[in-house]
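What follows is a single chain, given as structure tokens, in the form predicted on its own.
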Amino acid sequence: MNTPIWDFVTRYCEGDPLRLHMPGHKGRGPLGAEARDITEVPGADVLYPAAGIIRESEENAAALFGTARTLYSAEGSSLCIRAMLYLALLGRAPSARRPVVLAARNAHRAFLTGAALLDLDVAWLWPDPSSGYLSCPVDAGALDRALTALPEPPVAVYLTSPDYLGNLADLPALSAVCRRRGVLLLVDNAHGAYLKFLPKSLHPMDLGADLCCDSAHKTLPVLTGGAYLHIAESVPAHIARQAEPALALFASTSPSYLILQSLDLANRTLVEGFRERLADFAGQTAELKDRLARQGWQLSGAEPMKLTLLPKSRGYTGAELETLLRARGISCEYADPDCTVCMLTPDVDPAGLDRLEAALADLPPKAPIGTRPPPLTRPEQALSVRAALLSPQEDCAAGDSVGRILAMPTVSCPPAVPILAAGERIDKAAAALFDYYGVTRCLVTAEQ
């Protein structure tokens, strides 16, 4: 696997040019990475539209993922999510009705900001109330019924899989519904780029997604901000050819060449033994999960590289467990009252797994904690997402917010299902959830 971006920057640095271009550090500085931090000088290509070394590297990535096209993002999956929504809009049939996207409730806030910028309405796919706030399972029957209930087809169905806690959607069954209905399936796979490289691929592009984003930096050896937008052969040509303009619509015109080089080098890493290392490490993590379960730790999620602990059964809150692990030099990804999330990759190595297991073994079981989140409720949609996000706003104490309309979807929430989305009215149930999750303030629409 060649590495055209890395090779170009290497040659550029070796030429020791007088840098009379951006960035201002001129290739020198305390980080040590400045020499390789260049801009779009002649020969370095342009990210949108790419026609040279970047395009060549993206074609390498497309070959690895088996897609019709794979494009790079230096601004994470957030950029790709907005681009996917824009592309879905391009494919909608002429209609007097406002465009709607049908989305599982466990959507990243970039989805909401994208919907607001594009003036898209959102119809939510809600989980069963018994699922609570820690997962948002959607089965094929529920999706089919939701599509039937809409007055006309949505511009797309939008799902998050895997979710933050490691739950995987049944994408083959869900994609079959979308195919039969003639609706594009968009998948936020930010936490699952590595799924392609398991012995049996679990990647959304192999399970029926039309458009999919991966945060390469979350689970592959890529610098923070590196991501992919994948396009399937099933996407109509007139939509697929607008993918780069879609990204350019929301992207910076100054992409990080450090991130682009990292994505470029990852292509080589992924063909030089990564599958074998991942398969071996996945076996080790599965064995660790089995041992922890036998020791009485309650686990959640089926994703191989995510360890989600529900420690209340052992007498610890998720936040308390995170603090105890941090005191032992172990930094977790996320914690709330109910769960503690650890993200794993083969770069953790077996010694790291042993260290985590030993730290958990040192924590004696205590009396189980019986408190649970308040029940899942469906709030009133008082304003559209766009109207709420673009309205004048006020900062409000959470305890005084009942009756107000949430403006910004930035309040802390469980990683799966948000307490509220922009435009929804804050009721007593939401206020109880704010209190449970430690939310003290929120932004609401200004009262006229």
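From a predicted model like this one, the values you see are computed outputs, not experimental measurements. Numbering starts at 1 and runs along the sequence shown.
FYI, the form predicted together with a small molecule isn't displayed, but the following is about it.
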Want to guess which of 244 to 252, 69 to 77, 363 to 371, 114 to 122 is within 4.5 Å of the small molecule in the predicted complex, heavy atoms only?
69 to 77
Here the chain is shown alone; which of R105, H203, K312, H108 has a heavy atom within 4.5 Å of the small molecule in the predicted complex?
H108
If the cut-off is 4.5 angstroms on heavy atoms, which of these, C339, A190, A266, L87, is the one near the small molecule in the predicted complex?
A190
Each of T160, Y164 and K218 within 4.5 Å of the small molecule in the predicted complex, by any heavy atom, yes or no?
yes
Any chance I81 has a heavy atom within 4.5 Å of the small molecule in the predicted complex?
yes
